[in-house]
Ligand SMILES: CCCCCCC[C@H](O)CC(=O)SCCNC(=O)CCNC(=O)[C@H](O)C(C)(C)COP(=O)([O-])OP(=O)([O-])OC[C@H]1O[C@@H](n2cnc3c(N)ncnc32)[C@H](O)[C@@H]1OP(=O)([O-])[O-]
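Single chain ahead, written as structure tokens, the form predicted alone.
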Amino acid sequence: MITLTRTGAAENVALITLNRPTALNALCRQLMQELSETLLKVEHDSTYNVIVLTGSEKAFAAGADIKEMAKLEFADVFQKDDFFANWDTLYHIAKPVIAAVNGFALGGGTELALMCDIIYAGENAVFGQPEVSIGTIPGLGGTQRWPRFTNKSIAMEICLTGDRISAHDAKEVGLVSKVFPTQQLVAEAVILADRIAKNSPLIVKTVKKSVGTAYETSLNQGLEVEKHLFQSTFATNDRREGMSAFSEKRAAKWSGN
């Protein structure tokens, strides 16, 4: 249910595609297990610097697999650690992840995109949290990331009504970085990945950690983390190489150390 393709100008971009077309990429256990395994494979392969996560032009992911969830009871989702076991893998990946979202990204599909670092959307993309309409609530970050990435009012409206918003509306409220024609989307995401991949992989991971801290701590705590991470770069060969290359007006040669 997952495909992995090596792409990008230097072939150091991992294009991971959700591939369950008969169910609009509904996020079942098998798909999430395969996604987790693929993400960890890419994470531990130093020949990949950036990840692009996408689905089909019709659906990024239409949501969690409701047919699979409908038969579960409280004890199944409360006591069994494996119910959401593979969902957090994406959030903990150290390499940058760009979501290229076309079509439906509803419920768990939106939550999956929100775990990524950057969201690019196709013009046909649709986001939403319809869980309230089926008698439950978002359980994988929908109620927590929407207010952090947009604002409380938008988050309440989306989660309380189950309404959907378009790609352009998602960009307007700050959920999406850029919107592109549907067929152009993945190529644009790879172009962005190439731009990121030209930088030191070590420093890129450090930037991701620092920006991520801003959403989980107070400003003062975040500034302390940023300061320490900045200081830590002075122990790296890539910081020395980057500044030397700048002074010598040449391209840097990153070692990842």
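Because the structure is predicted, anything quoted here is derived from the model rather than measured. Residue indices: 1-based, along the sequence shown.
Another form exists, predicted together with this ligand; not displayed. Remarks below refer to it.
- Query: Would K58 count as touching this ligand in the predicted bound form under a 4.5 Å heavy atom rule?
  - Reply: Although this ligand is absent here, K58 would touch it in the predicted bound form, with heavy atoms inside 4.5 Å.
- Is R164 one of the residues lying within 4.5 Å of this ligand in the predicted bound form, judged by heavy atom distances? Within the cut-off, so yes.
- Though only this chain appears here, would W87 touch this ligand in the predicted bound form if you measure heavy atom gaps against 4.5 Å? Yes, W87 sits close enough to this ligand in the predicted bound form that at least one of its heavy atoms falls within 4.5 Å.
- Item | Heavy atom of I196 within 4.5 Å of this ligand in the predicted bound form | Taking the distances in the predicted bound form, the answer for I196 is no, it never comes within 4.5 Å of this ligand.
- Considering this ligand in the predicted bound form, find the one stretch among 131-139, 90-98, 181-189, 166-174 with heavy atoms no farther than 4.5 Å from it. Residues of 131-139 come within 4.5 Å of the partner.
- Contact assignment for this ligand in the predicted bound form, among A214, L40, L229, I66, heavy atom within 4.5 Å: Contact residue from the list: I66.
- Though this ligand is not shown, can you say which of V204, L35, A26, I51 has a heavy atom within 4.5 Å of it in the predicted bound form? Selected option: A26.
- Scan 100-129 and note down the residues that get a heavy atom within 4.5 Å of this ligand in the predicted bound form; none is a fine answer too. Result: F104, L106, G107, G108, E111.
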